[in-house]
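Take a look at this one chain, the form predicted alone, written out in structure tokens.
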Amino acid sequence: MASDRRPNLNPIILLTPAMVSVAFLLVVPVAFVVVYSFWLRTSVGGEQPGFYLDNWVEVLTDSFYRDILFSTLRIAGITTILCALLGYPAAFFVANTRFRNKALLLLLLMLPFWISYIIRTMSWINILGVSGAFNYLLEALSLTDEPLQMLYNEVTVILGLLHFLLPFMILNIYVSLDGMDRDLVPAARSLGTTPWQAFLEVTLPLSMPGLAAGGLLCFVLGSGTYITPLVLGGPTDAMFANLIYEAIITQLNWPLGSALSIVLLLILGSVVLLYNRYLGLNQLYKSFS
């Protein structure tokens, strides 16, 4: 039979293309960054190869970097909470709507991804700027005598991150809600629970994996972004990724930028490991399936 002549391919051989891809696209670049973090930038602007701890001592002992790091985690945490509060009702609506063409709603949800993240971020300048649409509306309604300065502060940074990350939260929660057994809530109602009790005791616990997966994505992506604070933030609203950008792109200090990158990678990697330890990363895969 033809099936008897089928070669018994070794699983290692089958995994080889994926392992090689991961090695060249992830392991090797990270290894270069780690090596670079121990090099030293000379006074003439070049790099001196070797094993120097100067960059690590500066990053780990300078309160400037520590304060920016805590500020980054705080902004990412606030944005994640806001994404959860705003994203859950939207995901619940999409999952339970009686609209026949639910795919159209999902398509509208994915629509922001078709537009460049930079353009979406800069659009807030036209909305909240001194000559933007919001100030124009306030003056047209005679609510203000002069334009308000609403840009370049931490609030607009969080607003821009919320605009960027909210679809990720909605999609993850929607996947959990859409996979629920539709008979559970009616069963809970038949046992005498109110709609709110049925939501708290049935719907919310079963959707927690999606909520946690969305929270992880929003927190990690929010912590690692630099475009939003660069465009919408002020001089004191820089996030940790902005320090990496300044060190590598502006100052051409690759060793210091590499050390900063590894610090951020270790912190966010620890968050991902904790999530995988207690919740499992498989919930992330479901949202993209």
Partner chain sequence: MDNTKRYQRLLERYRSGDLSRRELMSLIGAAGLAYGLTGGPMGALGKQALAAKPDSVRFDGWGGVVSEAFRKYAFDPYQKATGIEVIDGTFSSGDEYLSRVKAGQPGEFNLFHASGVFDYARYAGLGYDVVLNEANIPNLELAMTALKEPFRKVTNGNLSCAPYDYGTTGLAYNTKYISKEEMEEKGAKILIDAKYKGKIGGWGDWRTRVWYGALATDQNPNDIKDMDAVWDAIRAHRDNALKYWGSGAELMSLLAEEEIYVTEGWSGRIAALQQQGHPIAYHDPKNGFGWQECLMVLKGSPLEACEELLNFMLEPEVAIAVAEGQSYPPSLDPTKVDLGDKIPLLPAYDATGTLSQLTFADPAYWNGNEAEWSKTFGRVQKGY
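All figures in this text were calculated on a predicted structure; none of them were measured in a lab. Residue numbers count along the first chain shown, from 1.
The same protein has a further form, the form predicted together with its partner chain, not shown here; the description that follows concerns it.
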{"property": "Contact assignment for its partner chain in the model of the complex, among 149, 144, 190, 101, heavy atom within 4.5 Å", "result": "149"}
{"property": "Single option in 221, 231, 264, 34 placed near its partner chain in the model of the complex, where near means a heavy atom within 4.5 Å", "result": "231"}
{"property": "4.5 Å heavy atom contact with its partner chain in the model of the complex for all of 43, 238 and 252", "result": "yes"}
{"property": "Contact label in the model of the complex: residue 64 to its partner chain, heavy atom within 4.5 Å", "result": "yes"}
{"property": "4.5 angstroms heavy atom contact with its partner chain in the model of the complex for residue 129", "result": "yes"}
{"property": "Residue 245: touches its partner chain in the model of the complex, heavy atom cutoff 4.5 angstroms", "result": "yes"}
{"property": "Which of 151-159, 205-213, 168-176, 73-81 lines the interface with its partner chain in the model of the complex (heavy atom within 4.5 Å)", "result": "151-159"}
{"property": "Partner contacts for 193-220, taking its partner chain in the model of the complex and a 4.5 Å heavy atom cut-off", "result": "none"}
